[in-house]
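Only one chain is shown below, in structure tokens, and it's the form predicted alone.
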Amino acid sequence: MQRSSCVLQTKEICKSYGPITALNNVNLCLAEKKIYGLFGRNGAGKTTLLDIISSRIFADQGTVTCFGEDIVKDPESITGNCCYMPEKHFFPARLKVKKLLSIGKMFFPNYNQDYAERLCRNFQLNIEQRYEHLSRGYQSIFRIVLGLAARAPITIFDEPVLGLDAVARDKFYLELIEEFSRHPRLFIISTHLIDESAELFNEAIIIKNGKIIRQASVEELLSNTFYVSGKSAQVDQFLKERVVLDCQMVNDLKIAVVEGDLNAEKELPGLSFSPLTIQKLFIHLTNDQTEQEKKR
């Protein structure tokens, strides 16, 4: 991706909390009119990264630019263009939903009140209810409604479907796709429901221990990895000079995750090949108990 196409860019972002390094030289280039999935285990640095991008907290070093402007030197470049719905958002508890939605236009220039009200009906969110009386699921729905209706050039959701049942999650995914087709913009969505949401994303970003270890389309990530299984000795022979992401033994059966093009592999006696899901790839890439990306 060319630098000029970056709407939001981070350069060598670092952040520590005492002895704990949350982010370590994070470099990202995020383009306009794309939906990005941000994947990482608990404590990997996802929320810290989103908080820095949205200017809720400051990095210890490095820069974030939004539409070419440094967000520290020009705070309006991000505050005027970004709607961030974090996992924990402390809205005034005693206000009713309809009151909270009515003040959305004060913070977001493109906010659409009619769209917000339609989303409330679609998700069966009672606008007469006080925020403090909403269940965890309906608090998530409120954040979804406000985030989508804001129509900010950069829209960020951190775990948007917490507490939602399968039907409500599916409604969100469909609504996101439809809204993106009507008003394309930059979306960043951090979620643990990887396989369920994978089809939404133009690109996936995988973060581990404060470092970005992958940024590519889901198709590209999956096209470059596969499973190989068989007797231990045969698998070991196959793995020579290959990049192995993970390896497991079950009795005398060895199963390995290998970098490479599955379609280019020839059938070999005693070996089986199969594709991964994006969630399985994520697990293998972020599993601290295995030695990954090791030359065999």
Partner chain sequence: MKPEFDQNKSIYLQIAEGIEDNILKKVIEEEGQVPSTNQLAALYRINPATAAKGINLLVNEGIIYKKRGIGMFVTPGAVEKIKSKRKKGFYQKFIVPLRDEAANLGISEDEITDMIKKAKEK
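It should be emphasised that the depicted structure is a prediction, and the values quoted were computed from it without experimental measurement. Residue numbers count along the first chain shown, from 1.
Omitted here: the form predicted in complex with its partner chain. The next part is about that form.
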Counting any non-hydrogen atom inside 4.5 Å, which residue from Phe108, Tyr131, Phe226, Phe180 sits next to its partner chain in the predicted bound form? Phe180
Sole residue of Tyr115, Phe201, Tyr138, Tyr84 within 4.5 Å of its partner chain in the predicted bound form, by heavy atom: Phe201
Three-residue site Tyr173, Glu219 and Pro275 fully in contact with its partner chain in the predicted bound form at 4.5 Å by heavy atom: yes
Report the stretch among 75-83, 89-97, 165-173, 142-150 that approaches its partner chain in the predicted bound form to within 4.5 Å, counting heavy atoms only. 165-173
Quick one: is Glu267 in contact with its partner chain in the predicted bound form, heavy atoms, 4.5 Å cut-off? yes
Ile35: heavy atom within 4.5 Å of its partner chain in the predicted bound form? yes
